[in-house]
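Just the one chain here, the form predicted alone, laid out as structure tokens.
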């Protein structure tokens, strides 16, 4: 469900849900757990949330401090 297609709309795809994560991270840094509980209403399954985080990380849109578990939006600096 990463990319939209004939069956999956853009808003239902992982790509369509990434801006939701970025919107919350642009306001404040959050732990992965806090971020999930804050945005869980937008995701049907936790794997969609993880796919979104993976893609954002690969695009260098977010930074993760693996020691503290804190996710930071890179674009805000």
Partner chain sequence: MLEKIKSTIFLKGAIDFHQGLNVVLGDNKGSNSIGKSTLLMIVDFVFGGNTYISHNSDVVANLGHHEFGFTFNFNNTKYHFVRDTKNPNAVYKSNNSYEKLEELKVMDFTKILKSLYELESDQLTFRAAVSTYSRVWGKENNNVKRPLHSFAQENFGQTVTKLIKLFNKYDAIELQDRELKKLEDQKQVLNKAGTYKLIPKINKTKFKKNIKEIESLTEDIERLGKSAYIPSCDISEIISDEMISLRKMKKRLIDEREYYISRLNRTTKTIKNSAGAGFEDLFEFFPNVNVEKLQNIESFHQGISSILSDELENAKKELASKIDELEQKINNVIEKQAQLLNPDEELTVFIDSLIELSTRLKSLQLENQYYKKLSEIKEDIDTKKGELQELKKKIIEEINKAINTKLKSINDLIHEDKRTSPQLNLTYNKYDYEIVDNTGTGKAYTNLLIFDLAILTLSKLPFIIHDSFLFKNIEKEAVEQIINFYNKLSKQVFIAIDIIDMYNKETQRILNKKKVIQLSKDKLLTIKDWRDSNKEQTE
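Numbering follows the first chain given and starts at 1. The model shown is predicted, which means the values in this text are computed figures rather than measured ones.
FYI, the form predicted in complex with its partner chain isn't displayed, but the following is about it.
Colleague: Might residue 41 be said to contact its partner chain in the predicted bound form, defining contact as any heavy atom within 4.5 Å?
Modeller: Taking the distances in the predicted bound form, the answer for residue 41 is no, it never comes within 4.5 Å of its partner chain.
Colleague: Is there a heavy atom of residue 4 lying 4.5 Å or less from a heavy atom of its partner chain in the predicted bound form?
Modeller: Yes, residue 4 sits close enough to its partner chain in the predicted bound form that at least one of its heavy atoms falls within 4.5 Å.
Colleague: How about residue 19 - does it come within 4.5 Å of its partner chain in the predicted bound form, if we only consider non-hydrogen atoms?
Modeller: No - in the predicted bound form, heavy atoms of residue 19 and its partner chain never come within 4.5 Å of each other.
Colleague: Does any part of residue 29 reach within 4.5 Å of its partner chain in the predicted bound form? Heavy atoms only, please.
Modeller: Answer no; every heavy atom of residue 29 is more than 4.5 Å from its partner chain in the predicted bound form.
Colleague: With the partner left out here, which residues of 41-62 have a non-hydrogen atom within 4.5 Å of its partner chain in the predicted bound form?
Modeller: If the 4.5 Å heavy-atom criterion is applied to its partner chain in the predicted bound form, 41-62 yields 44, 45, 46, 47, 48, 49, 50, 51, 53, 54, 55, 57, 58, 59, 60, 62.
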